[in-house]
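Starting off, we have a lone chain in the form predicted alone, written out as structure tokens.
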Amino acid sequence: MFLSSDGILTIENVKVTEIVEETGTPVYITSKAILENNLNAYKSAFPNEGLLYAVKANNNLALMKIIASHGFGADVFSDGELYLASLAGFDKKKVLFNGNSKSRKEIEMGITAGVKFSVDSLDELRTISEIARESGKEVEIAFRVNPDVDPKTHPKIATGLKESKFGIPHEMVREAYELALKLDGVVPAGIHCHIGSQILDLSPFVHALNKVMDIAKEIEQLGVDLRFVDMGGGLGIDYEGKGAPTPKDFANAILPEFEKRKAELNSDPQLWLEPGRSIVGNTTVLITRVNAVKRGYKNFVAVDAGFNILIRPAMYGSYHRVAVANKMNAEAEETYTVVGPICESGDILAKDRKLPKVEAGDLIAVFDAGAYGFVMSSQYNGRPRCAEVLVNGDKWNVIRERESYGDLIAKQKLPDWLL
């Protein structure tokens, strides 16, 4: 869906130059067609399983409404994400409130909304039980298991290792279910595991599944009727052009093993998954304008988007493909390093890329920016956040307005003695 027309990057049937004339730069531009292709690929691969979109990947309301309209549930990690998921129209019965450090306020909000909880500690379990009992409600819960499985991804997004802050160690989970069965207001209904993000090797998923199903057999003996086994998300995407597993590949790896292991149980749990990056990651391109080209130790291309707009390269050393969006038909001539305007040496979007001759005023496209892009952006260095746009065929709409200087001080207050 990202093509070239007259040498201009075109998203569906819209040239990016048309968009930036109105929105300015930087700007995130998303293809509705690619988003729906990704949603349909998951529904085709997992027709009978529970699919919960990981809201943390991209919480734009317009995109989430599209996702909810396709029958997906939602994996939320905060009261704010639960609020957004509610506005987007996700079915509350298909919402799982995840998180390792939920506040009492968040738990109260989730119980009032009627969602399920992934419980991360015994303290959290007791708080849920207390609030549910006081409210006269019953809450379906799962415990998040830490399986101690290496997902072979970046350490900062590996969440299933024993040293991770997430989940209850697998050898202690039986004790957690025993306590839950004794408490009022909570109904142990599932088991949850999430081993990490941007995973390209499918074998860790299978390894983790087997550990979780071993635990499922144990907790069934306690009297737990399992209704779902949630294996989280984490399927990676093809940032570097080297290939990545598809949802169908994922299904072929995990579904036969799940069915085999489920046959060992007395209950009949549904498999749940929480895709995020693999739903929205490749849907979006970030367009940023070249302010200057500077020759020195390297050929630096200085653009108007930095890690305040896309933090992944600075935070994780992540690779994103880049192109000169207004010179798509031109031959690569020189090697450039694309840097942002932030007052930090680590503000680098792309290192040592072979590109056509770059000049001030050109547009640089940063691909695969739909996951953990705008959602992790900030106002650092006093820079208002950028607009977001959704393309639908030959039409496009702004789905988040560019911030103004006033947004930098929107919630600030001066004491009387400074007035």
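One rule holds for the numbers: they count along the sequence shown, beginning at 1. Nothing here was measured: the structure is a model prediction, and the numbers come from that model.
In what follows, reference is made to the form predicted in complex with a small molecule, a form of this protein that is not presented.
For the candidate set N146, N282, Q198, N308, a heavy atom within 4.5 Å of the small molecule in the predicted bound form is found for exactly one residue, namely Q198. Among A251, V139, L235, L82, the residue placing a heavy atom within 4.5 Å of the small molecule in the predicted bound form is L235.
In the predicted bound form, the small molecule lies within 4.5 Å of some heavy atom of A54.
At the 4.5 Å threshold, heavy atoms of H192 reach the small molecule in the predicted bound form. Mapping the unseen interface onto this chain, A41 falls outside it, with no heavy atom inside 4.5 Å of the small molecule in the predicted bound form. Put simply, G276 is close to the small molecule in the predicted bound form: some heavy atom of it is within 4.5 Å. You can rule out all but one of 282-290, 341-349, 312-320, 100-108: in the predicted bound form, only 312-320 has residues with a heavy atom within 4.5 Å of the small molecule.
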